[in-house]
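Form predicted alone, single chain, as structure tokens, below.
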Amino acid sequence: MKIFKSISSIQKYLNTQNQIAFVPTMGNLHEGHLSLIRKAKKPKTSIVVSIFVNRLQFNNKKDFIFYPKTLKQDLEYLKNEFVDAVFIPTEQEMNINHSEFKLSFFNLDYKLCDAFRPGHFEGVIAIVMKFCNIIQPHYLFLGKKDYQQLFILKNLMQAFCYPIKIIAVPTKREKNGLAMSSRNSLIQKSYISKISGLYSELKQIKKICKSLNDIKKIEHKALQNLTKDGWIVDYVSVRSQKTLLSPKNNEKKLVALIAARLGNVRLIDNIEFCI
């Protein structure tokens, strides 16, 4: 496994490779990240993993400061997975303080995480675009847990004609159903008995939602259940998989999305289903 810290050094290496599969991360790796890497393993394909805690996507400075950093353990995981190259650039190398150009969206109004985390997706996209320009991968592996992020990045690649195929990998879960996330390590022990509630509500939505006419009532019931159990809910919403907007009369492929807090930790999750 080769480790690179500069753009020039990793590009020199990548120029010798045939196909490149890229897995972007912010470190603090867990089985969810490793599932992306395992999915990326193909003959004659070099797997590149980035580790970069992107301050541009944090709305709260404290969240950025206290984001778990476990580089030594991360590198051990990646070595055991036979990753070919790890890119660990500095903020200076990624030039994130360059302020002459800023991304904006004409129609980013899904009223999901965009409504509760202003500037978050602009920060995500700015860094992903930089990484894709630097690495020029053939494949980009992303988890379905961050469903809105996945949706936006798919549209980005299409809109800007990136010759990159996005591979969406199913969410990896703990035994209690909680979607694996680097934030999970921050959950207070007093809330452990409640954390399965998020996925339980999603499974219930999938089970009982048989018609588009049911959606509002089902969303409201799930919100009530979570609130009663101590969650502070940002949203519970059933959307179209195709548009991520409210589904139209003839749509069958849906996704239920939830964002809620336990204490100071904000968790997101989703489940795809058909009616």
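Bear in mind that the values here come from a model prediction, so they are computed numbers and not experimental data. Don't overthink the numbering: it's just position in the shown sequence, from 1.
There is another form of the same protein, the form predicted in complex with a small molecule; it is not shown, and what comes next is about it.
Residues of just one listed stretch (68-76, 109-117, 144-152, 84-92) have heavy atoms within 4.5 Å of the small molecule in the predicted complex: 144-152.
With the partner omitted here, the residue from I134, M180, I164, I187 that has a non-hydrogen atom within 4.5 angstroms of the small molecule in the predicted complex is M180. Put simply, L36 is close to the small molecule in the predicted complex: some heavy atom of it is within 4.5 Å. Proximity of G27 to the small molecule in the predicted complex: non-hydrogen atoms within 4.5 Å are present. The closest non-hydrogen atom of G32 lies within 4.5 Å of the small molecule in the predicted complex. In the predicted complex, at least one heavy atom of K172 sits within 4.5 Å of the small molecule.
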